[in-house]
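Here you get one chain, nothing else, as structure tokens; it is the form predicted on its own.
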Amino acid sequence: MTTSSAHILEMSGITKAFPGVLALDNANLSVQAGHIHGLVGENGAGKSTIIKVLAGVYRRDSGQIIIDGKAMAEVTPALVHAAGLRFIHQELHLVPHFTVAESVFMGQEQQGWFGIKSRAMNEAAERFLEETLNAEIRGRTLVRDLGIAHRKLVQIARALIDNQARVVVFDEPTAPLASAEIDQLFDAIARLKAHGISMIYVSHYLGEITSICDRVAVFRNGRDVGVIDDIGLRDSGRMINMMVGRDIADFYPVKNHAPSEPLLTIEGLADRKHFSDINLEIKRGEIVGLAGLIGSGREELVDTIYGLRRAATGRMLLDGKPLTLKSPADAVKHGIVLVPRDRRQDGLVLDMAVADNINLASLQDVARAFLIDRAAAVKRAESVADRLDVRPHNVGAISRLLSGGNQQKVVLARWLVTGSRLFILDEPTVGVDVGAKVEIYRLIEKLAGEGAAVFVSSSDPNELLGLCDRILVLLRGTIIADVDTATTSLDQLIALTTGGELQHGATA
């Protein structure tokens, strides 16, 4: 392992402006040889911009970039690659019908007298994956037959196969991965470090930063506002404070809502495969959480309540009256709406404008004689977008170009204009930066304060404890506890979700 404290990469005084926006303002970023250097900040803080400047995608307006002691007068993708920098993007960019070996060597195929040396490439790819990344993957396997974690490892192998990498930049690498797959990726990153490779690790997940990074740089408003050395598990609060300019005590809103009569009641609901004998109640003006590990039945239960799946037995009651949902459209008619866990795939039409996405579920309200009244639609969208502080303040903007937090606000805005009564929020802040999380939490609290019932399904126990009144714990398809967040600790909640001891006072 490389132990030198010398900087293999130094970016100093980097400034980059776009029309009307100063994206980087005299920003600095340095990486010590053999270290994993975290990079955190809210969306718009400048993380992506400084990485794109480093990659040669954007030309810096001023500042200096030094790689391995050599100042880069010009920075282009080819020159950066030649200097040993590699970039592992969140998107996989792999061809499904290519083999693993073809994917690893794409653009740098091994050639012989009679064409491409397929056998040698297969063996080399398998050897590299096993020795460097501890992954046994056959070179002839098609990419489409791999799981997401193995595809990510193939993507890494493709970047490193020439053995010339000095610094590897990971940009939100765990976004598509499940928990066990994340562990496999972290093992691969540890092996890269052991081979003397330095890394920049960009992530919204502060738990990942504290787990694997040696130090972390924090960006805010286009500037580096501090570096934390020897980072540990207890530094999350410090990072949040630096990122958003507020204390962690202000992270969750003060609860100012009063639960009243039950809105949704579920009795004995089961699908005979993923969950069984589900009994729960959600009141008006109440925020109820749903906790459970992957495979606990949490996702399937949420989908069933919204009408995406059918239950085999049991019943649901809305305002004490039997409720039968044959489709999500039925749920919406009854005032039950879902903010889905994958907002880009299931929550938005990405190439539509913000205004069109907001009005999508209630076009009849902005129609005149079967035609959309564009002026009325824009005015309505602007009203709710201003209420939620959707940025940029332009409802004509294409939704694809918004940050994750603002895309989530657009999905919420769509249901706010329908006057919905029960909001089901499935992983409401996944992939969202800290500042946007604070805003979304305040919106959720406001919904409850206005009398809506809110059901939050989340894999983040801190989020559930900070936001909800009660948490239902789902374990292997069964609700094993209904706990009051005021009297439940983080350790107790984790113990319950992982099958540990049942908290004293929890109701099964």
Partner chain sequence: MTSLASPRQSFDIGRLARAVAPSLPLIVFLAMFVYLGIASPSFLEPSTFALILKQSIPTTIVSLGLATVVMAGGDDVVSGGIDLSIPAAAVLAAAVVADLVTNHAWFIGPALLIGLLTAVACGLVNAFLVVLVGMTPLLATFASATAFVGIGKVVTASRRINVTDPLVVWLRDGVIAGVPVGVIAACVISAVFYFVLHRTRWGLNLQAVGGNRDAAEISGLSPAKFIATAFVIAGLAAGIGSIFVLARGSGWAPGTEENMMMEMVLATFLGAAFSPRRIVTLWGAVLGAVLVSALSVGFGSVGIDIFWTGCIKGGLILVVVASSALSRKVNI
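Numbering follows the first chain given and starts at 1. All figures in this text were calculated on a predicted structure; none of them were measured in a lab.
Another form, the form predicted in complex with its partner chain, is not on view; read the next lines as being about it.
Just one listed stretch, out of 352-360, 196-204, 282-290, 115-123, contacts its partner chain in the predicted bound form at the 4.5 Å heavy atom level, and that stretch is 115-123.
Of the candidates Asn163, Thr324, Asn256, Ser327, Thr324 is the one whose heavy atoms come within 4.5 Å of its partner chain in the predicted bound form; the others do not. Only one of the listed residues (Arg158, His150, Lys437, Arg341) places a non-hydrogen atom within 4.5 angstroms of its partner chain in the predicted bound form, and that residue is Arg158. Using a 4.5 angstroms threshold between heavy atoms, Glu109 counts as touching its partner chain in the predicted bound form. The closest heavy atom approach of Gly314 to its partner chain in the predicted bound form falls within 4.5 Å.
Its partner chain is not shown here, but in the predicted bound form it comes within 4.5 Å of a heavy atom of Thr99.
Of the heavy atoms in Arg144, some are within 4.5 Å of its partner chain in the predicted bound form. The putative spot formed by His89, Leu94 and Arg272 is fully lined by its partner chain in the predicted bound form; each residue has a non-hydrogen atom within 4.5 angstroms of it.
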